[in-house]
Every structure is written in C-alpha cells, then in structure tokens.
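As a starting point, one isolated chain is supplied in structure tokens, in the form predicted alone.
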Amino acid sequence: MDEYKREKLEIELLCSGIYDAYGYDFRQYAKASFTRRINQFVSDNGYSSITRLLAEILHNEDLIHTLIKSISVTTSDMFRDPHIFKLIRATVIPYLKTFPNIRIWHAACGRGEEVFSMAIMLKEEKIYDNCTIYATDMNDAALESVQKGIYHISRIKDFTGNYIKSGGRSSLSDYYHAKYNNVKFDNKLLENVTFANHNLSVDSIFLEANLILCRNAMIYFDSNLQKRVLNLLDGSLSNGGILCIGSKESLVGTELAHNYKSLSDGMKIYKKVPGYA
C-alpha cells in the first residue's frame, strides 16, 4: 500500500474510532486541513503513526480531550473584520432594539474574542441588559479560557485597532486591566453570557435566536457537513433573525438561499425572510 492510501485509511479509522468511542465526529471535516493537524499532533507528541495515536486514544480517555484542545481552531481577534461589526452596530442592533428580549448565539466561539466584542458593543448601544448570549464550542478548554477573559498583552494593539475601526464609542482600555504580560477583561461583560459545550457536527437545535454568529467554522467542513450545519443554524434562528457567517462562507447556491436576504453586498450578514427570493 502506498503512503497516500495508508494515510487516508489511517485518518478514516481514526475518525471512526473517535466517533464510536467518544461521539466527536470528524468524519466530514475537510480532509486536507484535518490531516495536516493530525500529522502535526502526531509529530509534536512523539507517536510513530496515526494508528498508534488511535490505539492510545481508545485506551486513554484523557487523550481525546488533549487532541480536541490541540486540533480545534480557537484563535480569533476582537472585532475581527471590523467592517462587519460596524455594519452590525449600524444596521442589526437598531433592529434588535425592537425586541424586549434578545437571544444571541455565538456558535463555535473558540476563545471568546468575538463574544467579548459583542458584549462591549451591546453595552455601548445600551441593550446588553435585554440580551442573553449563548457561547458554545466543542472545546471545553476554549470555553474555560473565555470565562477567564485573559489575553496576552501583545494582542491588544490589534484588538484596539479593530475596535476603533468597528465604530467603538469609548476606549477599549475601559473594559480591561493589564497585569504583567496579560490583560483581563471585565467580568461584567459576561454577566449575561451562558456557556455550553455544543458540537456543530453532531448536536441538535437548543434555542431560537434573534442573532447567530458562526464565522469561519464551516471552512473546515466538507460540503455535506456544511449543509448540516447551515440547516442547524437555520432551524435555530427565528423568522426575521440575523445570520452572520464567515467571509469565505456563503448561502449562495444552497437550499436556504431563497429564505435569506443579504443586508450588504459581500458582508455575509443575512436576514431570515422565508420565501424571500
């Protein structure tokens, strides 16, 4: 068996073994990027092969959590793509203000940079108290990191630049304090945030939201899993709700496209209007 076929088979067996043993489903992740991350984990941790890694995982439940922590893509930036947050501030938030109670879902929230971004913006627009934010991810370590609200001080320059470009009404430094080489964001920003483990590839609908943000998670999935996730997001969004996805993701060409109206060309922010097209 040549190396390519062997590696392909090993990845398939690894994904099936992890799913059968622990319920984490990587079987429909984009194979090229997933394989790169697995090979990096194998190399970094001294395993002789992917098969050896699978054998260890099946006999050591703690290892699956280490693997999830390592291969999950959890890094973002505060106010990443500031033009998106500027549009949300100008167009989406005035619409959300018409509701007495607002539910916002950050799906695949990673280490929470965008959760804090949204909380800051809601505070500045004076609707935070009417909001419940659901921050979910399949990576428990990432969720724990969000709740600590600690980021390395080297990231603050980029965070601040994005905040200004997004239309921030104050100074980002008003929301954190610095200590040693880190900054810690104000715990009050998380008072209305509910954290939960949720795996987009296997878990089901658990709320009806007015706004869902799921940005740059689906680029790691194959087309079938992307379809599954889009249907999950659609089923979780109220009629008239707003869906925000990543810059390389789109509803164009999907079965859901006729139910969504783009709020701005190229921005990937959509309003759910069944029967729109």
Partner chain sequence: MRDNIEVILIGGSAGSGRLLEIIIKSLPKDFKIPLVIVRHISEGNSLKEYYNLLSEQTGKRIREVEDKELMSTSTTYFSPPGYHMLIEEDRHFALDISAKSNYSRPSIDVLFRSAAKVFKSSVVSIILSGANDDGAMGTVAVKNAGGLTIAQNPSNAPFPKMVDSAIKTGKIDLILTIDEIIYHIIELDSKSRGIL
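Note that the structure is a prediction, hence the values are computed from the model and not measured. Positions refer to the first chain, counted from 1.
Separately, the form predicted in complex with its partner chain exists; it is not shown, and the next lines address it.
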Whether 20, 25 and 254 all lie within 4.5 angstroms of its partner chain in the model of the complex by heavy atom: no
Here the chain appears without its partner; judged in the model of the complex, the stretch of 232 to 240, 41 to 49, 57 to 65, 217 to 225 with heavy atoms within 4.5 Å of its partner chain is 217 to 225
Does any part of residue 8 reach within 4.5 Å of its partner chain in the model of the complex? Heavy atoms only, please. yes
Residue contact check: residue 83 to its partner chain in the model of the complex, 4.5 Å heavy atom: no
Report yes if any heavy atom of residue 31 sits within 4.5 Å of a heavy atom of its partner chain in the model of the complex; otherwise report no. yes
With a cut-off of 4.5 Å between heavy atoms, is residue 37 one of the residues that contacts its partner chain in the model of the complex? yes
Taking its partner chain in the model of the complex, which residues of 240 to 257 have any heavy atom within 4.5 Å of it? 247, 248
